[in-house]
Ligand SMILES: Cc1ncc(COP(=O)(O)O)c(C=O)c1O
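As structure tokens, one chain now follows by itself in the form predicted alone.
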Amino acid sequence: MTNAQLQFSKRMEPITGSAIRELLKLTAKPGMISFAGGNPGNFALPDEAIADIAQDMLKKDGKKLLQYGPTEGYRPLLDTLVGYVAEEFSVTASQEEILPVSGSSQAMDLISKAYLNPGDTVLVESPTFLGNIQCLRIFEANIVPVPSDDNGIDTVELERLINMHHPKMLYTIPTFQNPTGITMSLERRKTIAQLAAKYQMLVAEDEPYRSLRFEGTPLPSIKSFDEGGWVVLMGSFSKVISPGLRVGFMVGDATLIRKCTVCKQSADVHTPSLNQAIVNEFVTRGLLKPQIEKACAVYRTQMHTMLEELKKIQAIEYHTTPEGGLFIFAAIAEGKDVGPLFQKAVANNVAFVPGEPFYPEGGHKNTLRLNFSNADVDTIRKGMSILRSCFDEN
């Protein structure tokens, strides 16, 4: 049954849903080799360890964990997060500056709800994560793209656009960016923090992939250079423990965190206490570091296998070479369209994501995103061979 008389809000008129989510429906087709998702590999999901922890926690404190909890978060996890963000992100924060959330995507939703008015300008790197482009559109932001290169956001162009548009916020994924896999340079991280303070522009720093480093040297977060509370850090355990648990966190100015807490009260009351407790135990038992090391060893091999195979596709004129994360971004000749190649690949049981939806300004039809974390080495070789035949025989 469809009710044609339903009158939806005007803000939803331009919102069509996630193009990637629509594409992922194709991956359910039997025999499909998917390079389209952004999930951690199933091998990296610690189901047995989590089952043990969940059983222990329920036996120890089950009544409390199955009851409503404070919106501000499960206290033991807050204690753990203070140390975790200091070690992992070089950020010193009090518990009042940290809010556990239901995945870092909720952090973006809460910031948009608490901080943005319709028509406020938000600068975003181009390309960027489609899900948060959609979030900003729902909150009726004026989205202005900032060009990026292999070192991240072009900070010279960023300052020019700041002076032109007077933005209220910048959204960025500085480490192993989605969709490109690029990591922002140290100098540009410092510059962005300085520009945020200079122009009183909030920076939403999204870091869900940071721990998935296979090569190179970890860099301090933008938040670690924050001058005056203008950077809010959004993190997640989805890519390193479990996306299904939906446990993330945000770190920022205590006033902003309090406003986001109020917004969260009407959204989901609190992130599930049992899930927070499981993540806390996973970290405090010392399981996180070996879990990440195990996953990264496999991801590294998968990524390099895909890169080797990608070089064999003559139609590919450019691709990124990440030092970690889950994605490789590639391009065919300027002016070409990967759309027909996508359809041909799907017909041959291989899926990827065309790059255009990641650009808020549209265009760039010659680009594509490839994920390597959900296929073993033999499957990657097979799938990339099929792509080579689809691309080079076109």
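Everything numeric in this text was worked out from a predicted model, so none of it was measured. We number the residues from 1 along the sequence you see.
Below, we turn to the form predicted in complex with the ligand, even though it does not appear here.
Contact with the ligand in the predicted complex holds for none of 302, 329 and 371, as no heavy atom of theirs lies within 4.5 Å. Note on the interface: of 307 to 315, 275 to 283, 168 to 176, 153 to 161, the segment with non-hydrogen atoms within 4.5 angstroms of the ligand in the predicted complex is 168 to 176.
Of the residues given (270, 188, 213, 246), 246 alone sits with a heavy atom within 4.5 Å of the ligand in the predicted complex. With the partner omitted from this view, the residue of 112, 221, 236, 183 that lies near the ligand in the predicted complex is 236 [heavy atom within 4.5 Å]. Interface residue remark: residue 145 is not counted as part of the site for the ligand in the predicted complex, having no heavy atom within 4.5 Å. Using a 4.5 angstroms threshold between heavy atoms, residue 127 stays clear of the ligand in the predicted complex. In the predicted complex, at least one heavy atom of residue 208 sits within 4.5 Å of the ligand. Although the partner is absent here, residue 103 lies within 4.5 Å of the ligand in the predicted complex, judged by heavy atoms.
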